[in-house]
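Okay, here we've got a single chain as structure tokens, the form predicted alone, with questions on binding and movement later.
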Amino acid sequence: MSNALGLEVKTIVETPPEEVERVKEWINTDEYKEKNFARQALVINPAHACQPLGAQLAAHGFEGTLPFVHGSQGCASYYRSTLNRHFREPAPAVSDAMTEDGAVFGGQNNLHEGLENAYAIYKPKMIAVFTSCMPEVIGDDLTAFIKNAKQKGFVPKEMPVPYANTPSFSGTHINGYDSMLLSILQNLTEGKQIEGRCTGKLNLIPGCDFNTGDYREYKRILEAFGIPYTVLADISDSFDSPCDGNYHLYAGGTKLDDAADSINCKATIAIGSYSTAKTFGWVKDNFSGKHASLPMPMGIEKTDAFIMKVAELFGKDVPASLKNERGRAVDAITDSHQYIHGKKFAVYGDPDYLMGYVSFLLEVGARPHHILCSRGNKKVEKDLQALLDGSPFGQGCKIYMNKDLWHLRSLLMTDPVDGIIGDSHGKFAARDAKVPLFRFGFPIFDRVNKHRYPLIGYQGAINMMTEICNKFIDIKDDTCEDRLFELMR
């Protein structure tokens, strides 16, 4: 068949409905699962974002800081829109809009013009520069570019302009967060260490956590101890500020002076050994005082470890208010554990979140049956396995490293579970498997205010337990026979 121009036209062949149904059934089989897990080059629906997005989150955690993307405008829009949809708050950032000429001749002119305009228009106290793919591929030298920008007067010489190399084609958002946080601390603390000076403060590094409620919970716990602290970096007001009728470009964030003086601290605690590995390594070598790295305090055991470490570092007794909170959390779990005990879960997310989910599930008698990490290493796998080996509820549970959410779908269809824990991207697999998705982590696009209530601490344990158990009770009410529709559950 040919058209009026004499060119060959390929006819459209429609797939017969019976073939569509056959394939729909086939992708739920063990045979397809085997083929799915054999793929290597293709990634389908990964459970992570790219490095620059994490870098932007870190930048938002400091007072008066303007995130600056050295790269294409489209990339900057992705980072901003992802944060905007998760927090439902503005995520202001600028880009120097590199295009084809920048790819050929380098991006210094773009960077200089962008820095000049950003400083003149937005009046930031600090500009945090991070890269997307294009400048990383061509090898732009940001050290020289920023030095030249200050020499030529595009930005004041005294203005802090930290930068991080954050190629999107390697690592994930947690690596970008780590690189940007490290650069900011190196820049702000340079020359600020004073022999014999101690601020008496605790530096708390919360890690790459997109839950503003967690930051507030950390601060509330430390205030209960009466301990002065500096959060590095604090996004709690940046993405959860009051609505007062005015737009605040720089809402919240750690004071730059406090961050600069953090090098003279009494102690530093880094939460999440995977999302702040480089930063914590540098802090141990350069900051005064004692240092500790702890897992996210999800559940009773991990929260106990965090609180006892704070008490140890500052020689304080645990406040009665926190002891009472612990008792209430244990009581809440005791009252509701029967609704979750023995149930099987699939969990996915960042390594630090996974450690928290798995630890919490094991201590309440549930089984993290499928544990999927889309970017991890042997250490992550070893640490997760140690959690499983330490509990009778971990027997038979399996870890899947460097797998995506299409792999997860195969697992759900061939080896079913009762529930899934992870971000919004898992809703499609959950729908196909007809099991509930408990939306914890990042990003959460399809529910509101999830980032506002804590998952860490004793209150976080109550929150997670309440949400999970009540959903299972809802399902019981929605599906049971009329004669079993009880007032008491």
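All residue numbers refer to positions in the sequence shown, first residue = 1. Since the structure is predicted, the reported quantities are computational estimates derived from the model, not experimental observations.
What comes next is about the form predicted in complex with a further copy of the same chain, which is not displayed.
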Task: is_contact(Phe438, a further copy of the same chain) in the model of the complex, heavy atom dist at most 4.5 Å - done: no
Open item on the list: I'd like to know whether Asp141 contacts a further copy of the same chain in the model of the complex, with contact meaning heavy atoms within 4.5 angstroms.
Closed with: no
- [ ] Decide whether Tyr229 counts as a contact residue for a further copy of the same chain in the model of the complex under a heavy atom distance cut-off of 4.5 Å.
- [x] no
Open item on the list: My question is simply whether Tyr339 lines the interface with a further copy of the same chain in the model of the complex - judged by any non-hydrogen atom within 4.5 Å.
Closed with: yes
Task: a further copy of the same chain: the contacting residue among Leu313, Leu256, Ala292, Val330 in the model of the complex [heavy atom, 4.5 Å] - done: Val330
- [ ] Work out which of Phe87, Phe345, Phe280, Phe145 lies within 4.5 Å of a further copy of the same chain in the model of the complex, going by heavy atoms.
- [x] Phe87
Task: Region of this chain that lies against a further copy of the same chain in the model of the complex, out of 233 to 241, 411 to 419, 180 to 188, 270 to 278 [heavy atom, 4.5 Å] - done: 233 to 241
Open item on the list: Is a further copy of the same chain in the model of the complex close enough to Lys427, Phe445 and Arg452 that every residue in that trio has a heavy atom within 4.5 angstroms of it?
Closed with: yes
Task: Residues in 438 to 477 close to a further copy of the same chain in the model of the complex, defined by a heavy atom within 4.5 Å, in order - done: Arg439, Phe445, Asp446, Arg447, Val448, Asn449, Lys450, Arg452, Tyr453, Gln459, Ile462, Asn463, Thr466, Cys469, Asn470, Lys471, Ile473, Asp474, Asp477
